[in-house]
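Here's a solo chain for you in structure tokens, the form predicted on its own.
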């Protein structure tokens, strides 16, 4: 059975993953979270009320454990924020003791402690470190935590470049901490994010914020999807699910100008990118943009078409659970005769998973690497 009780110096806490699954096999925190909390317990003094900023907390383990310090918490994940609120409630802690910020708008305060859980995307880390300059003082203690396998040399170099000299901790349970000494005299370059690139075979300039997959160019899977997008008047209400920078929905709208598009992603940066790209390129089509938990907020039998390139990782955890949840939700949200179009690597076997939910599953196109599948009610 998956452990849900986290025992740390700050207390014995219940921490759950979100969305909550009946037979959850994955724990909501890791050894890096425990190591960081153990380490800061010796440094934080509640009486002096040090100011604390937490970045990239996975499911709220850090925020809940340090809630007594009324921390600011920055995340690019809607799901992380939802999990933080739920776990605060679960531990009978006032939700308002933690100030939640999405990745697009950081707090402007100075902080005594900045605690960073190493993100999967180096570009996101770089963007955060550059934008954190206003939050630093000469005495700010910056600590980056992660599992050793996720703390590449690039992470160390980036922290040293944008903060100051780094010192590693010893490894404990395959986790490590990186301490950074703030150097106020270092030269910090202009933030290169968001990145813009021309979308091939179009007149569009595509905006990608830092935490977007393949943020400097069009990835191969999306390129294959774009080449086979459907076109028909029957598609009136359409979702770009897990929209990323919104390129799939954007090109679909260009082919189907009477359709109303709904862009949804759990990444705040993804939704912001999609909204900018759509509004710059399309002037007549109607669209909505929402950071959310997949299709949770959509009414049953309300959509004609769902376009989806499912993510196969959540934070640093790889698996097919997110795709399965998207498929199950799509079944409920699609009208009778509605269609789900899914692109994925061949080895992921989405056609098998889709048959658990849809009676009509067919391959639309495939090559040596990708397969595009249509599933219908």
Ligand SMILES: C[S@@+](CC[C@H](N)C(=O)[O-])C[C@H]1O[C@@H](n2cnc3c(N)ncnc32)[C@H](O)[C@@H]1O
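These figures come from a predicted structure and were not determined experimentally. Positions refer to the first chain, counted from 1.
Quick note: we don't show the form predicted in complex with the named molecule, though the next part is all about it.
The contact with the named molecule in the predicted complex, taken as any heavy atom within 4.5 Å, belongs to 243 out of 206, 303, 144, 243.
Between the named molecule and the residues 229, 175, 79, 158, the one pair within 4.5 Å by heavy atoms in the predicted complex involves 79. Proximity to the named molecule in the predicted complex holds for all of 248, 267 and 310, with the criterion being a heavy atom within 4.5 Å. You can rule out all but one of 150 to 158, 290 to 298, 85 to 93, 134 to 142: in the predicted complex, only 290 to 298 has residues with a heavy atom within 4.5 Å of the named molecule. Remark: residue 322 counts among the residues lining the named molecule in the predicted complex, judged by a heavy atom distance of 4.5 Å or less.
Interface residue remark: residue 222 is counted as part of the site for the named molecule in the predicted complex, having a heavy atom within 4.5 Å. At a distance threshold of 4.5 angstroms between non-hydrogen atoms, residue 326 is in contact with the named molecule in the predicted complex. With a 4.5 Å cutoff on heavy atoms, residue 213 counts as touching the named molecule in the predicted complex.
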